[in-house]
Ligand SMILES: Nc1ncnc2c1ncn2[C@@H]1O[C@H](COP(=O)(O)OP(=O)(O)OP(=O)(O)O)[C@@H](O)[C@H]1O
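For reference, the chain that follows is the form predicted on its own, supplied as structure tokens.
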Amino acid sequence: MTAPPLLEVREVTKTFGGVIALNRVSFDLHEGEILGIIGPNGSGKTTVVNCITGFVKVSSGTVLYRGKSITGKPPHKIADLGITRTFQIMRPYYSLPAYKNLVIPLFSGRARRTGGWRGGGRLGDRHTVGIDILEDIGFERDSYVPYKTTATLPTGYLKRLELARCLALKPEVILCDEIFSGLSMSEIASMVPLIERLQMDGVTLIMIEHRLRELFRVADRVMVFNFGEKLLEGTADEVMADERVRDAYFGSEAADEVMRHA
């Protein structure tokens, strides 16, 4: 028997005034998979993430997590269930050292329930766990970088810090909004194995991306959004073979180039 979906989006519509940002979007997310979402700017990709995570309220439709509705719940309640997200425009505490960005989620009820931090509850224990998490996602533990003021960190470290703040909550699902955006090729090359390791560790991911070659390396399934609607979904090969995607979104030659290097 096929396991029920971990996350279900059912007929979700979101309007802003007279603008339809999402129009009756439905899809499932299965435990352990990486689902990629692609589409032109303004096609509704980030809006669907905002609806799932409670940052905007849906106009109609339902979001189910493990069979129960989370529609209308505030972001902190959804995060407490194990659904976390990164932001396209990063939102760390810029005035704090990098590792202290993790102390705050490590104080959460979810972190305490799931063993997100070790020890007897002393502040120093959380500091240590924060450094551990940063090391796991690519900060050099014995360098000065984890202790630098966050505002001074380059984009590559800020992107990793976004992931680290999610991991501090021991999430079951992470929604990544353009985690590869702004990174150099070498930084992306080191980020891809990290995404693969998260999946192997049991984390389920939704990834919004414009870096298609890198996304196609890790995604089990890809959805294409256009004008607030789900255009189609399938494997990377199936999506890129669809004439609507090739001609209207990429152009045939660009699509062939992406698939040659994917």
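Residues carry their position along the shown sequence, with the first being 1. Predicted model, so just to flag it, every value in this text is computed and none were measured.
The form predicted together with the named molecule exists for this protein as well; it is not shown, and the discussion that follows is about that form.
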- [ ] Find the only residue in T71, S108, N101, Q88 having a heavy atom within 4.5 Å of the named molecule in the model of the complex.
- [x] Q88
TODO: Would you kindly say which of G32, P40, P193, G234 lies with a heavy atom within 4.5 Å of the named molecule in the model of the complex?
DONE: P40
- [ ] Given that the partner is absent here, state which listed stretch (24 to 32, 212 to 220, 57 to 65, 42 to 50) has heavy atoms within 4.5 Å of the named molecule in the model of the complex.
- [x] 42 to 50
Task: 4.5 Å heavy atom contact, D136 and the named molecule in the model of the complex - done: no
Task: Heavy atom of D80 within 4.5 Å of the named molecule in the model of the complex - done: no
Open item on the list: in the model of the complex, is there a heavy atom of the named molecule that lies within 4.5 Å of any heavy atom of E172, even though the partner is absent here?
Closed with: no
Open item on the list: Considering non-hydrogen atoms and a 4.5 Å limit, does the named molecule approach E178 in the model of the complex?
Closed with: yes
- [ ] Could you list the residues in 10 to 27 that come within 4.5 Å of the named molecule in the model of the complex, counting only heavy atoms and keeping sequence order?
- [x] F16, V19, A21
